[in-house]
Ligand SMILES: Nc1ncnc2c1ncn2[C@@H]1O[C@H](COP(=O)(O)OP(=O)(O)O)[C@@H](O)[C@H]1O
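Okay, here we've got a single chain as structure tokens, the form predicted alone, with questions on binding and movement later.
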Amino acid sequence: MFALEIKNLSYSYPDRTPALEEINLKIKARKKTAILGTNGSGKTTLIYHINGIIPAREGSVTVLGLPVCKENLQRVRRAVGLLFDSPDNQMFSTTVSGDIAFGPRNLKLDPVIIDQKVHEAMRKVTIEDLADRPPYCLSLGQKKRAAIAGLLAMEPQILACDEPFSGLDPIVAGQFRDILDQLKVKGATLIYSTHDVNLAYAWADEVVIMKSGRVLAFSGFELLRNEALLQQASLPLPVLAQLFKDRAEKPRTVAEAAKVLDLQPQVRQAKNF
């Protein structure tokens, strides 16, 4: 089953500079798909088409069988939660709980149901203690958790995230990935843009590689072992793909690499000193 189908999608900025050219994609449901490219490759513009922030002018976008158009916009935005690169772009209430409640209130749900959705969303991302805090007082990591809680309260089937880990330190980024992984286990489809080849190699199920508004390739994460393709996209080879390119073993994470290299005994020995 495909969560998203894009056919012949092209888009130009108001000054007529091309941003997307003839994009054709079918993204599977319940997968983590990375849209990978350098700055200016069209990643964000493509993400914004998924829930109609930017309407398709040439070509079409279909979400869960529903065309993304003006008539379907409310239904599409219930199905697709969009996480902006900067959470400040989607948080504007005076408190975190008020911000999370904004979407369900727009649906005119019963106040009791709204409260339940807000508390459950905060629980899932462990920010119950921030309920009464103003969003502008939060750290970036807290803001991103609050922003995703606002999406979860709407119970979207697809999460489209624009550079979701940018600006986060490694520990907070790891915690945020765990939250998104839990959502995927429960049936969500994750689509995210990034320029980080190491992240995509370790974490994506499928990868879209873009350059100058075009899709160069779309397949499984194994694409990121293709050095010639990545050079064409002006992207480096992932560190682990480079280190293990002449070996049969192909670990994708540091933990897998340590196991392959049998580094655990050395690690344990080092701890004894």
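We number the residues from 1 along the sequence you see. Please read these numbers as outputs of a predicted model, since none were measured by experiment.
If you look for the form predicted in complex with this ligand, you will not find it shown, but the lines that follow are about it.
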query: One stretch from 23-31, 43-51, 237-245, 220-228 that, in the model of the complex, holds residues within 4.5 Å of this ligand by heavy atom; finding: 43-51
query: Residue 262: touches this ligand in the model of the complex, heavy atom cutoff 4.5 angstroms; finding: no
query: Partner contact for residue 232 in the model of the complex: this ligand, 4.5 angstroms, heavy atom; finding: no
query: Contact of residue 38 with this ligand in the model of the complex (heavy atom, 4.5 Å); finding: yes
query: Contact test in the model of the complex: residue 17 vs this ligand, heavy atoms, 4.5 Å; finding: yes
